[in-house]
Ligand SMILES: Cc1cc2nc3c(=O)[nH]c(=O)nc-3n(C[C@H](O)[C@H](O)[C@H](O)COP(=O)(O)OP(=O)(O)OC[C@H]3O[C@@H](n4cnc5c(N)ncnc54)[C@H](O)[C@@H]3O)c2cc1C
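Only one chain comes next, encoded as structure tokens, the form predicted alone.
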Amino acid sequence: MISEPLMVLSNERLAQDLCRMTLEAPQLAAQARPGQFVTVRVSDSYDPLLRRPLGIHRVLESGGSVQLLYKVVGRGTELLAALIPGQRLHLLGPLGNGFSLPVELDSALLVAGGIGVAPLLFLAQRILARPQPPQVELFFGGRSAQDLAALEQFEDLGVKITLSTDDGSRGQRGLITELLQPRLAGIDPARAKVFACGPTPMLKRVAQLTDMAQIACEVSLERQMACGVGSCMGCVTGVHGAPLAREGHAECSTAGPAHYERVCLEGPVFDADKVEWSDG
């Protein structure tokens, strides 16, 4: 793990509220796994107090740099968007547990909602870099065409892309899960896996669909995080099954989920069938 100021190489505004930052980060590039994240300190003062968690979007291994894709939603991300090349940003990471890369699969289906696409480009990179990689498809939904970022990078990797938007401005009008469902019916469940990141209602529906189709699925949960390292317990989620044997694990002794796990430390990636979706 690294904890140091990194130089901003570029900070592009891709749409009205979407930005992509490239940082000079050779150590992070070497250590990071798809699905992990970093926290960044957006100011040298205590305002804002908390660091911002951001998924690792892309690793440019040849140059030792890392890209972060983020949405400008408040004061912290507005300060982040104002950084210019040459300035430095204090970063802690990589943090959390990432996706489990498939070994022998025919199909890897990535499902993204809005800014949830951020960690899936890095995942596609790593899957397609494996010997005899599976076909990788991206199912990507947003409110409008402006939410559909990073499409060119997925196309450059050869990823097949299916799009939907709420307003019909690009792709099919409606929810991306409506397009995912018939696709799941056409593949061998033993030779496929689904990876999803986005809003909780979308992830819950993806979990339902993959459960019905008997296809393995991992989801990356989005939660508010204060510390990002498992100390404050502010991001726990209910999980079924045996708890992971980790010091400081937050167990639940009442009815409901078998136990609670910290999204920042045991996650953010979980098996979809282990998540207690009523918590969302």
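Position 1 is the first residue in the sequence shown; the rest follow in order. Owing to the predicted nature of the structure, the values given are computational and were not obtained by experimental measurement.
Just so you know, the form predicted in complex with the ligand exists too; it's not on screen, but the next bit is about it.
Every member of the trio Val73, Gly76 and Gln224 reaches the ligand in the predicted bound form with some non-hydrogen atom inside 4.5 Å.
Although the partner is absent from this view, Ile115 contacts the ligand in the predicted bound form, with a non-hydrogen atom inside 4.5 angstroms.
Among heavy atoms of Pro53, some come within 4.5 Å of the ligand in the predicted bound form. Residue contact with the ligand in the predicted bound form: Leu69 places a heavy atom within 4.5 Å of it. Of the candidate stretches 129-137, 76-84, 164-172, 150-158, only 76-84 has residues with heavy atoms within 4.5 Å of the ligand in the predicted bound form.
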